[in-house]
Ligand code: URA
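Encoded as structure tokens, the following chain is the form predicted alone, with no partner shown.
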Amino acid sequence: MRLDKFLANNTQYSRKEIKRILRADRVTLNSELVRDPAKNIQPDSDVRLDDLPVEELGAGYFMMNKPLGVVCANSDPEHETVFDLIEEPLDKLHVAGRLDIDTTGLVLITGDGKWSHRITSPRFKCEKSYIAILSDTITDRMIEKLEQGVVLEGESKRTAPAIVEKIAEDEIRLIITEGRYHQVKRMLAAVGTSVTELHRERIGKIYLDNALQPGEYRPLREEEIAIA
């Protein structure tokens, strides 16, 4: 790995700042001053910044309150992405359970592939809880169908049974364990209504921190990582 990339990944400094730091003779590689940002380092290299060892960070685990209009992609030519909103080493991170551009709420971001697989794989039956504002009044019959599972347009396999809590005449809490394409919207369309607002409040046992404003994020606590 290039030295500047390693330093940017494992310190609070940007690649641009790293270049200035290197020119200022603040970095040593195996006890020798180094200025070349392209210098190749090995896993056992001793890299020091201001004589303090720089160690590779862990995978990283974060939650974000995704705002409206932001996409869950590493890059997008037209829209702001969740990665535009965070100041972390991006090459290691991915979204565990994406949200549509018009859906808000809890997004989990990590570099731990096994951990995110437990969240996103249907075989682990990880619950995702959403608050949905509907275009119509939700009826008991609609709720019954959702709780039995519905056949989505273009598919033949019925969805797994959902848990539905009626909050208001046009508002429900919907809990699902799958992650099909646009699943919540398509499930509600299958029972004869549509979503005007959709917000994810929970993944597994991790709840969105109410202190996070739209666009804000924080590291997950150890107990949150363990219970996901």
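What you see is a predicted model, and the numbers here were worked out from it, not measured in a lab. One-based numbering along the sequence shown.
The form predicted in complex with uracil (URA) is left out here; the points below concern that form.
A residue is said to contact a partner when one of its heavy atoms sits within 4.5 Å of a partner heavy atom; residue 155 fails this definition for uracil (URA) in the predicted bound form, lying far away. Proximity of residue 100 to uracil (URA) in the predicted bound form falls within the 4.5 Å heavy atom cutoff.
In the predicted bound form, uracil (URA) sits within 4.5 Å of a heavy atom of residue 182. The shortest heavy atom separation between residue 191 and uracil (URA) in the predicted bound form exceeds 4.5 Å. Checked against uracil (URA) in the predicted bound form, the candidates 164, 54, 41, 198 yield a single residue with a heavy atom inside 4.5 Å, and that residue is 198.
Figure note: of the listed segments 100-108, 139-147, 113-121, 77-85, the one touching uracil (URA) in the predicted bound form, with heavy atoms no more than 4.5 Å away, is 100-108.
Contact residues in stretch 135-171 (any heavy atom within 4.5 Å of uracil (URA), taken in the predicted bound form) are absent; none meets the cut-off.
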